[in-house]
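Heads up, the chain below is alone and in the form predicted on its own; it's given as structure tokens.
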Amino acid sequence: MSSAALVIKNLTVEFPGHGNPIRAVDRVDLEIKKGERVVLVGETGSGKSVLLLSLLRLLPASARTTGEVLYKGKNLLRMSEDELCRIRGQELAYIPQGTGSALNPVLTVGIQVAEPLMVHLGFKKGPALEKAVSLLGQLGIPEARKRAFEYPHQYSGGMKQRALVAMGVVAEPEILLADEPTKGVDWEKREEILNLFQSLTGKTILTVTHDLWFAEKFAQKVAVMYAAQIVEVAPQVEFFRQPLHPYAQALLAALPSRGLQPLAGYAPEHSRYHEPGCRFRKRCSRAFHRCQEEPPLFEHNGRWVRCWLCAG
């Protein structure tokens, strides 16, 4: 029996553009094992959040998604909408960022947490609310029975994040997809959110983040995206000890604890992704003649890296 919970194969996402389509995710391959915690890192615009949304087909209708996302042997990208609705929230759940419009402002938090139970599992309103209240309390919402009947604007940022996690886990899904769980919160709240996610033992979790502190503390496996491509996949310990791809090395070197050496330059424009060569080469101090050709994702000592320096 396969140990994979989710297998992503040759996943590509494009949006209409002026002239050529805009490719936001480019031929991504990634396997997530059952019970594994995978963190996807990379700078803004690299395609992390688009990839996450594409897995459950939550992108706008204008998006063109190709490839395979295999769950229990079925390709989620080819399921009917009815089939997909049956497993969204119940077997695979998406946890959006805890700020902005992630929660419905006109519904109480308790009702929003209870909704997956009523929609997917056939709970009546009363029992669903009871379970929602219990879960909010377990996740650290003070006076949960009272606060379940309050509205999102009455919650702090950290409490909103807890409520969103409660919505994601209330129906006990097998896989959680979390988008930037620590974005926009202060240091104390980051610790609280880390503890919250670490408490979700046994869950298969894929989360995207800019927060390398969170990635180091939470991940079992780290995947790095650059310019719509996966450029490195490694176990957490090995990645933070010695990343292989020059971009991954630059990400860690920019951390205050590692010397605060910011990476100069910018990623290429989406309109230039069709050009040959490594997409990082113009920012890379180790680029050489072969970098004019695009490298594949190599297996290198049990890790994966998209760099000609690891080809030998």
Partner chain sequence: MLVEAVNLCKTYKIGWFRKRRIEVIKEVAISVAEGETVGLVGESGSGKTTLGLLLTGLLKPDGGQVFFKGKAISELTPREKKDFRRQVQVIFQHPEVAFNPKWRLRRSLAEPYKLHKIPFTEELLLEHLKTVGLSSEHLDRYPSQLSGGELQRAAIARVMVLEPKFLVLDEPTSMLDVITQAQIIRLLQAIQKEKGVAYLFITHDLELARLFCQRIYRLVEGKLEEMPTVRSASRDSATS
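Note that this is a predicted model, so its numbers are computed, not measured. Positions refer to the first chain, counted from 1.
The same protein has a further form, the form predicted together with its partner chain, not shown here; the description that follows concerns it.
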Worksheet item: Counting only non-hydrogen atoms and a 4.5 angstroms cut-off, does L263 reach its partner chain in the predicted complex?
Response: yes
Item to complete: Examine R281 and determine whether its closest non-hydrogen atom to its partner chain in the predicted complex is within 4.5 angstroms.
Response: no
Worksheet entry | D186, heavy atom within 4.5 angstroms of its partner chain in the predicted complex | yes
Discussion item. Can you work out whether Y155 and its partner chain are in contact in the predicted complex, taking contact to mean some heavy atom pair no more than 4.5 Å apart?
Written reply: no
Worksheet item: In terms of non-hydrogen atoms within 4.5 angstroms, which of the given stretches 207 to 215, 70 to 78, 163 to 171, 124 to 132 touches its partner chain in the predicted complex?
Response: 207 to 215
Worksheet item: Which pick from A250, A63, V50, A287 sits with a heavy atom within 4.5 Å of its partner chain in the predicted complex?
Response: A250
Discussion item. Each of E43, A254 and G259 having a non-hydrogen atom within 4.5 Å of its partner chain in the predicted complex: is that the case here?
Written reply: yes
Practice prompt. Could you list the residues in 218 to 243 that come within 4.5 Å of its partner chain in the predicted complex, counting only heavy atoms and keeping sequence order?
Written response: F240
